[in-house]
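One chain comes next, on its own, written out as structure tokens in the form predicted on its own.
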Amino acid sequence: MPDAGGTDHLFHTDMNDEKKQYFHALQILADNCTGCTACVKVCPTEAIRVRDRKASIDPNRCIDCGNCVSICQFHAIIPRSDSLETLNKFKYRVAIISSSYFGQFTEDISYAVAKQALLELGFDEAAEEAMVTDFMIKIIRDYIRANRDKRPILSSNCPAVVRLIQVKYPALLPNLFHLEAPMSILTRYLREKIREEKQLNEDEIGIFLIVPCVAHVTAVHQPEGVYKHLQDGAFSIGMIYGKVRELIKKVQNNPVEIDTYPKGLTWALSGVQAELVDCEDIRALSVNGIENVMDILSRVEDHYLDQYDYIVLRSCTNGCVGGCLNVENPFVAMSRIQKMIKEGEEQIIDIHNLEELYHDGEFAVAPLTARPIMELDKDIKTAIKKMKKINEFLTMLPGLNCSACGSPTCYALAEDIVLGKATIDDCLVLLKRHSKEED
């Protein structure tokens, strides 16, 4: 696994084959937590528990979808992001910008100005995810045609969806598109190009992602399936937005000519990637929103959707424009990006070097493994006994799945009781019933 670059103070990783530890770009501020259980109810992998009126996250179950961040009204669960001071550790700093970034600004701020203002934060160069959209469509089609024994192929650009499959749908791991995502492909290309052109050592080049969601921040620091060192950090759009806005006026007064790639911004929008991949011999489907994604993955497991060649899966509403680290409403951001695409001019991009790296296998990723989230006991006999105990407790619980106990469902509470993480007295409904009976 690659190291965590210059941010190991934030994301220390100690992993081995015996026991894996997963780290996430989230943190809980206990003083802010009221124990309301809103986060418990929206977590798609049942990773959150509330005990003694404080929430905690199981790192093995968490997929960094950000639902808990969005729902918490008390700012008790907040995203983590690298500090801009990290830039000072490198001689040459590069930003790779998510396409969703350009939908965050009002329409009086042009695409080029938003990009130039980002450069003013201290970067020497800015590249865009949008630069490689056409290249990505080509290699996705190649991959689908070369893997006709796997149907449907599932997109792997959304890190939250990849982890969701690892945690809840491991049988579908072979169906994932096993090549790097656009921003990682750009990282590999740019690091080599800059090293040669600027005559710099690799550790003198800092490459950072500008990202819309928690899952991408975590993916930078704990990537899945990579063979080589990738990025050196990630800055959330929400974190840098205020600083960029402060620079907008200065940039508007001193504009410079800067390359933009409006036709490639489609990558930020749900549905468009599937439309672009879809052709005479490839049928594609697009899905967004974590509940919809889970429903589709269940249908794929049952071979209900084998008629599709490719399914694009995004955990956020409307795709990356819906990321919880963005600042604009996803529908408004989508509309702005669509306007830029419609009014923008085609930009010719030389992809010769990318083609060479692709044919050399530089963008391949290692097969991903499942994340075991539930092991009652290593001994099978003991595990069976515990399963029986779970069912016994389940018959005692009310079956309301109200989450008032701090577990997401009655079944989850029964599991927690058997594993020693809760007691039957945590069920407030039972407590109330017993109290009435005693009265």
Partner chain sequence: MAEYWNVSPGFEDAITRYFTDVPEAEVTLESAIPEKDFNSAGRGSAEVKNLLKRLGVDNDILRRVAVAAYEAEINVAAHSIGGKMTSHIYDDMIHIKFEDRGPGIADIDQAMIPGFSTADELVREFGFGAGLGLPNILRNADALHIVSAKNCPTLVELIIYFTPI
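Nothing here was measured: the structure is a model prediction, and the numbers come from that model. Positions refer to the first chain, counted from 1.
Here the subject shifts to the form predicted in complex with the partner chain, a form of this protein not shown in this document.
Are all three of S110, F208 and E343 close to the partner chain in the predicted complex, meaning a heavy atom of each within 4.5 Å? Answer is no for this spot.
4.5 Å heavy atom contact, S298 to the partner chain in the predicted complex: Taking the distances in the predicted complex, the answer for S298 is yes, it comes within 4.5 Å of the partner chain.
Distance check, D52 to the partner chain in the predicted complex, heavy atom within 4.5 Å: Judged by the heavy-atom cut-off of 4.5 Å, D52 is well away from the partner chain in the predicted complex.
Flag D281 as yes or no: does it have a non-hydrogen atom within 4.5 angstroms of any non-hydrogen atom of the partner chain in the predicted complex? D281 lies outside the contact set for the partner chain.
Close approach of P255 to the partner chain in the predicted complex, 4.5 Å, heavy atom: Contact check for P255: no, nothing within 4.5 Å of the partner chain in the predicted complex.
Residue stretch of 52-60, 65-73, 25-33, 388-396 approaching the partner chain in the predicted complex, non-hydrogen atom distance within 4.5 Å: Result for this chain: 388-396.
Here the chain is shown alone; which of Q222, N288, T86, N175 has a heavy atom within 4.5 Å of the partner chain in the predicted complex? When the partner chain is considered in the predicted complex, the option within 4.5 Å is N175.
Can you pick the one in H359, H352, R148, H303 that has a heavy atom within 4.5 Å of the partner chain in the predicted complex? Checking each option against the partner chain in the predicted complex, the one that comes within 4.5 Å is H303.
Taking the partner chain as it sits in the predicted complex, which residues of 405-432 have a non-hydrogen atom within 4.5 Å of it? Please list them. Contacts from 405-432: Y411, E415.
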